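For this one, two forms of the same chain are given in structure tokens, first as structure 1 and then as structure 2.
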Structure 1
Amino acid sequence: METVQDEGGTWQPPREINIDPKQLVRLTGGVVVVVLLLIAAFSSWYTVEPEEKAVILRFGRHVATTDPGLHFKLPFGIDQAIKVPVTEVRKIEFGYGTQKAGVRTQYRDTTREDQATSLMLTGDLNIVDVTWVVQYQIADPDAFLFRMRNPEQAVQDLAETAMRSVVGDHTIDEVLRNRETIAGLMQKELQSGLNTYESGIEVLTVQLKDVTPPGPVKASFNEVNKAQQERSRLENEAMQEYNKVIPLARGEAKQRVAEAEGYELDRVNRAKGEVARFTELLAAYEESPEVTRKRMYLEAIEEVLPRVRRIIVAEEGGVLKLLPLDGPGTSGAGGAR
């Protein structure tokens, strides 16, 4: 640094300090030792939090993986501890993004990239819109650190590949209907891919969020649902009509048969009764046929004649003889009795 002459002239030459060189050497040596000791003290231990594991590198070589707690290591950066959060559950969202999680989770607007992620081809060459979320954690910290450079990018890429692969082997109707099956198959495929990479990542869940037909065709899919419901409705209405009529018809049929059975009872009983009466009469008749016959005849006449107004007697010669029966005392015939 160049000394600038100040015109104000306040500059003063530094005061000379007299120090014994021996003392200086001793002093600096002492300071260096203390500093080194301090550094050693502070760099020879580390703590591993409960949710972590630590991978220890000695001169870069992996020598140990330690569990939570207080641990010692070689100082001065000879041992290096890399902490890996193994129990932390991480997630990647596909085709959507949570902006603010909570009771009413807010999602950001769908971007072009979201659409590119979520639109995919089904096995019957239709397009379906699938959004999903993958949750995973680090199962093997050694592998996680040393086998792949960017294991989380692998989760991202493999998840997209696996989802397309699974959806590609199903029809659009199957994808829309069997979300759980799709998620299960996809998780299996994702995990097996991550295993071949030795990524040290374990997939915990794959959850399908929205599985819908793409925007422009949504309405027509709803139309199908509506039509399906209409089909059920028509069927139900017809069944209702059916049920209104058939039980009634069954009842009426039973009634008709019961009536016939009533007729049967009536007819047979009447026959039996009449026959019984006849049989008794016949018994009496057989005891004294002539008298009984006459009596019966007269009884019948007695019953019938009072109702008759007049009697016409048709003679052989064509002459009519009127037997007046109008009142008592006017009849010669009555007198004959």
Structure 2
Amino acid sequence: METVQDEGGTWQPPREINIDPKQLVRLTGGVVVVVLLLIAAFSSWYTVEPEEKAVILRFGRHVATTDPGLHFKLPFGIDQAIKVPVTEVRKIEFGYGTQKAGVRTQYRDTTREDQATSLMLTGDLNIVDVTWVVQYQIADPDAFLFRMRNPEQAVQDLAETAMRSVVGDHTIDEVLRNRETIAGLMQKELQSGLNTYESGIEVLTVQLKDVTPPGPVKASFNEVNKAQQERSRLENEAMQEYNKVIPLARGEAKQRVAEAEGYELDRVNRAKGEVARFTELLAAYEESPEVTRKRMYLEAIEEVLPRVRRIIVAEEGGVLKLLPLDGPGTSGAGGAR
């Protein structure tokens, strides 16, 4: 082997390595196969977390929706799994914004955009300032991903439209007093709109954070509210007094009516009895007047004599002496006066 001298020493050329092309092809093919097997192994399985569902696309077409767990899919990008958090509660705030949540929640300053969202026209042509929050979940991952281009923006737009529609159907007093009713109607209308567009979204709650008149007239509305509350208090007190007095009076009235009806029934029955007795007596008198007259006299004497203390018997010849009929131990002289 030839050598070349230089300043640094002796240099020797490398030996030539002869590689068989067939062996090189086989080696390369084996490496490719191993790599493909590894790719297939890692891309054939996917895991869905408990709070998720996975939408499976095969060549871009939806073929299945899988639940949490370990699942198999076709490798090499034939099947694509898109995971969607279906248990996550999402919210959109209208008219205000939370800056820092906690025990004492901090809100950012109100912007012109917030004011434009919260100011609404009521059915009686008044303006009211409404701030609210919408909470929702993804109910149908397939519809959420592919039926609407921007479902979150759609929720925001439909929520604002629904709130303005509901507020516009009620007077300002109804909006200020019946927050729960307004929120319930707004939730139904919002859900109906989302179902119409097949958004795959379920509205959980709609909460009205604050409902107030606009700033320049807020003081006047507060005075009106105080007057209405005072009126309600007086009405409640009057109703309590009414419930205390009126039932008692009604009870006494019913008692007196019942007593009068009983007295009426007694008098009528007595009158009927006397009429029947007089009719019988008249019939007997017409048959034998003398006997009936005498019997009536004797009956009257039997009824009257037990109640008197002295008896004077008189005849046509004069007045007889007093009879001591006052009772045991009473002398005739003592009874005469």
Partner chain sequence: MKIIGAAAAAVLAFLALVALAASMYTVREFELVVITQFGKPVGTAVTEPGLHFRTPFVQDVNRFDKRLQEWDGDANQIPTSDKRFIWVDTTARWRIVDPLLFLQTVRNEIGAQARLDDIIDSATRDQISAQNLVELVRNSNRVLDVPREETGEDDLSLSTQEVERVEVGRDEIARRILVAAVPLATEYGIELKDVRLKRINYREDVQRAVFERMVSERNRIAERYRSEGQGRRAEILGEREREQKRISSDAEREALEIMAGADAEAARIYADAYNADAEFYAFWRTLDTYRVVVGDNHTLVLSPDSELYRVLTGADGRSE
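The shown structure was predicted, so the numbers you read here are calculated from the model rather than taken from an experiment. Throughout, residue numbering runs from 1 along the sequence of structure 1. If you superpose the two forms and keep the largest set of C-alpha atoms that fall within 1.5 Å, you have the rigid core.
Participant: Which number, 1 or 2, marks the form predicted alone?
Facilitator: The form predicted alone is the one given as structure 2; the other form is structure 1.
Participant: Align on the rigid core first; then say whether the Cα of R295 has moved by at least 2 Å between structures 1 and 2.
Facilitator: R295: C-alpha displaced by 2 Å or more between structures 1 and 2.
Participant: F59: CA shift of at least 2 Å between structures 1 and 2 after core fit?
Facilitator: Shift of 2 Å or more: no.
Participant: Would you say whether L70 is displaced between structures 1 and 2, judging by a C-alpha shift of 2 Å or more on the superposed rigid core?
Facilitator: Result for L70: no, shift under 2 Å.
Participant: Using the rigid core as the frame, report the C-alpha movement of A227 between structures 1 and 2, one decimal, in Å.
Facilitator: Between its two positions, the C-alpha of A227 lies 3.9 Å apart after core fitting.
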